[in-house]
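So here's one chain in two forms, each on its own in structure tokens, numbered structure 1 and structure 2.
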Structure 1
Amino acid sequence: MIHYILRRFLYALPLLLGVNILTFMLFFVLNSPDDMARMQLGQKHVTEQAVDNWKHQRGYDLPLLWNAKATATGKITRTIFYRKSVGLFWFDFGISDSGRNIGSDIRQRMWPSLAVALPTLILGLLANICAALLMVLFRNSYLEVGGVVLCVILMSISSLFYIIGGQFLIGKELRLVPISGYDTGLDAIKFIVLPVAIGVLSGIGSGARWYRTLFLEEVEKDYVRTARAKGLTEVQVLFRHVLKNAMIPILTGVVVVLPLLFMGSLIMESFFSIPGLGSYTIDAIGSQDFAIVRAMVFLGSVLYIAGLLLTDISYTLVDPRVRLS
């Protein structure tokens, strides 16, 4: 098993390097530092001196990959790639274009994102699986048909409708929770209840239909018929055998949302004024702070690759045959 984990980890390193290089090309080759300066300063009446000053203050006046004027190791170290991209590997995100410490901002803003995303993930997963198991338990009945129709309706509605409708009905009309804002400690609960509820409700349609499909594929297999022949009830068959054997695709689906635990939801955090990483990214895009956007793109890629690695490891726990692959 150790060799399997080590092999998967070594696979992740070239991916991370490729993401870093691709991110660098997108931000500094296709979009030159001169273009960044003009976008930040404004397209009209921008002098070359102002552009040069902007680049010099942020270290964008160095060569991209090779500094021919420098000596020894300075030919590599005194470049934009080394100053702005190499440090990302040990999570040194540097300073934003507005002068703020990006690493400090990320450490501060990750907790509100986690406070919303973690319960949304756990409660949403439980709700989706329970709804799917109920539809499979009562398959070929009006309850299953009604459940499928309800899921299609729920997944056909835009998430913006849930957000705006929830803010209007729960926050403004009923005044059960604040419409937006955030606080620290236990006082934050009243601010995250509505975003979590909306996140679970908006995802239950597609999630329940997906898990229902997985479970329906399992209930027709030979091992399920054998379990029924031994006298197990349908509920025991579903929870002891079907759910266990469907864990690999379930884990695969979970990995897609793992980066959101830290990165936050761009739309949700913006609408509810939650100071997480999602709203942090939106604000950086709006203010054209390229250093923050570049750091968040790389961080999101790292988290997704880490999620893939954790998923591969979790496969060995639910299916030992994976260790031999």
Structure 2
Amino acid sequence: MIHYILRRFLYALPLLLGVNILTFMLFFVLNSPDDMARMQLGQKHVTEQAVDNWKHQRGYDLPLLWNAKATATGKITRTIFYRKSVGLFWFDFGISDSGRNIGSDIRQRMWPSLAVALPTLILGLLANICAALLMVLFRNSYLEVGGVVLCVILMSISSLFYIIGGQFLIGKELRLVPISGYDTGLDAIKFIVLPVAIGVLSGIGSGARWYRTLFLEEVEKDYVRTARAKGLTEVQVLFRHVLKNAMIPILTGVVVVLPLLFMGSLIMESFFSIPGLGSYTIDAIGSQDFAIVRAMVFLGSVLYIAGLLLTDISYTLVDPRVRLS
């Protein structure tokens, strides 16, 4: 197992380098350092001298990838790419172009994202599984048909509608929770109740239908018939046997998103004024802050790779037949 993890880790390095180069190229194809400087310096009284100063102070006056004027290793090290991107491999995110420490911002903003995303995932998973199992329990009845129709309706509605509708009904009309906002510690609970509830509700349609398909596949298998023949109730059959055996595809979907929970949700965080990482990248793209963009793309890639690795490891835990080598 350790060899496998180590090998995957080594595979990840060129992958991350590739992601880094690609992000770098894409960003600088669209924006020149001059554009970045002008965006940061504002609209009034911006002169060429001010633009040059800005670039010099932040190291954007160097060549992008290859410094022909430098000597020896300087040809590579005295470039914007080397100066800005190499530190990422040891998670030194550096300073944003607007002057803030990116690592500090990420550490501060990931917790609110997690505070919303984690309960949404757990409760959503429970709700989806329960709804799917109930549909399977009452399969071939009007309850299953009703359930599927309801799921299709739920998944057809835009998430924006759930958010605005939830804020209007629960926050404005019933006045049960604050419409938006966030606070630290336990005070955060009253703010995350509504986004979590909306997150669960908006995901239940597609989630329950997907799990229902998995369970229906399992429920016809021989071991299930055997379990019924043993005299187990249908509830026991579904929760003890079917659920356990349908865990692999469930895990594939869930474990891979676990690390990405830190990255947050753009729309949800924006509407509920949750200071998470969801809007961090978008804001950075808007303000052409390359330092933040590259840091967030890198972090996203690392977390995604970590998620895939975790998924592989989790297979071995739920299915003894799977061996990593």
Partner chain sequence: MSSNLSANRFVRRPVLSLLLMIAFVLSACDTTQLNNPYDPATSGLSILYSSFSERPKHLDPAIAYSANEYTFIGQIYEPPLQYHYLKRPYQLMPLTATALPKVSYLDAQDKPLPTNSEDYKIAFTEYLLEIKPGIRYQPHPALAKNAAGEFLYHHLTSAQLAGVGVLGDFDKTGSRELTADDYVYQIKRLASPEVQSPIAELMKHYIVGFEDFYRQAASLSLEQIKAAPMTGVTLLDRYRYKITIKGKYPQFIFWLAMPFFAPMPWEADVFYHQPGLKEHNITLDWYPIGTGPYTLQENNPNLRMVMVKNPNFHFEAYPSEGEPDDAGQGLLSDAGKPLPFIDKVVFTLEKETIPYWNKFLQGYYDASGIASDSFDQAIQFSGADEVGLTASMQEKGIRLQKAVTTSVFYVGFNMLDATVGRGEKARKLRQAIAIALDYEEFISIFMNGRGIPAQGVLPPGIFGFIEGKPGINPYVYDWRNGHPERKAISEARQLMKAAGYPGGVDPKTGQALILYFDTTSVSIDDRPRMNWFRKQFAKLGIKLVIRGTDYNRFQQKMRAGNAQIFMWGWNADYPDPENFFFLLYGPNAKVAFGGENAGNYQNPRFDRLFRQMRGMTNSDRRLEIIQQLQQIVRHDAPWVFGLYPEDFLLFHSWYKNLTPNLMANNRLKYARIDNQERMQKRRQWNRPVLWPLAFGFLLLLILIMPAVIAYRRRSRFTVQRLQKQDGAESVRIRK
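For the two forms, the rigid core is made up of the largest set of C-alpha atoms that agree within 1.5 Å on superposition. Residues are numbered by position in structure 1's sequence, first residue being 1. All values derive from a computational prediction rather than experimental measurement.
Pick one: which is the form predicted in complex with the partner chain?
Only structure 2 matches the form predicted in complex with the partner chain.
Determine, after fitting the two forms on their core, whether residue 63 shows a C-alpha shift of 2 Å or more between structures 1 and 2.
Yes; that C-alpha moves by at least 2 Å between structures 1 and 2.
Core fit, then residue 78 C-alpha moves 2 Å or more between structures 1 and 2:
Yes, the C-alpha moves 2 Å or more.
Did residue 271 shift 2 Å or more between structures 1 and 2, C-alpha, core superposed:
Comparing the forms between structures 1 and 2, which are aligned on their rigid core, residue 271 does not shift its C-alpha by 2 Å or more.
By how many angstrom does residue 16 shift at its CA between structures 1 and 2 when the core is held fixed?
Here residue 16 registers a C-alpha shift of 3.0 Å.
Look at the Cα of residue 50 between structures 1 and 2 with the rigid core superposed and state its shift in Å.
With the rigid core fitted, the alpha carbon of residue 50 is displaced 4.2 Å between structures 1 and 2.
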